[in-house]
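Single chain ahead, written as structure tokens, the form predicted alone.
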């Protein structure tokens, strides 16, 4: 009987190993797919964009399959900390506050926060933001910076940039502060809006990785460096953000 049990256990272990070890392992990326051109859902329902393609290229370099999960932006850091995802890539800026919770990879892109207003608005520069109601995407650096600069009473948070822009169109806020590239898409899709010439903030984008996962951080940075040297990073970014 003991021999039979041992044989069964050995078979089960072999099956488990075959199921778990055959094929590539999977890296799970968290993102918020409402931030074009960095991440958005295409007509087929697939999450695409700069971050999705860079993550795919990094995963391939590391010998992994990639799984992308869409979630609210302000839940990404918690998901990384809890291990529900391996990393977050979502046009996320490196900040001192976030560095208390997660590590960040080397930067792969530079973002510029800008101000969207209606045509004819009396907001013509940053000085004119004082006392206005500002729409932002919850948990983003636009949210953090505006709340610090103008106070919570003058900042209205939305689950996505698209909802913030809809609020601007409907007259619920006076302006929206968001990354320049999504801003271009929103202005193109909504007649009567424009982007101020003045930059609100310039920042670096990177992948958020759990503090205790230095092995993944090192491997991610190595893959990023190789992709940069090969010109692949520039190729992906230029695909979505053509040179003007």
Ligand code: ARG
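This is a predicted model, so every value here is computed, not measured. Positions refer to the first chain, counted from 1.
The following text describes the form predicted together with the named molecule, which does not appear among the structures shown.
- For residue 93, a non-hydrogen atom is located within 4.5 Å of the named molecule in the predicted complex, even though that partner is not displayed.
- Taking non-hydrogen atoms only, residue 73 approaches the named molecule to within 4.5 angstroms in the predicted complex.
- Using a 4.5 Å cutoff between non-hydrogen atoms, residue 205 counts as a contact of the named molecule in the predicted complex.
- Mapping the unseen interface onto this chain, residue 98 counts among the residues with a heavy atom inside 4.5 Å of the named molecule in the predicted complex.
- Look at 83-91, 150-158, 124-132, 167-175: in the predicted complex, residues with non-hydrogen atoms within 4.5 angstroms of the named molecule sit in 83-91.
- Every member of the trio 32, 35 and 113 reaches the named molecule in the predicted complex with some non-hydrogen atom inside 4.5 Å.
- Although the named molecule is not shown here, in the predicted complex the stretch 170-189 places heavy atoms of just one residue, 179, within 4.5 Å of it.
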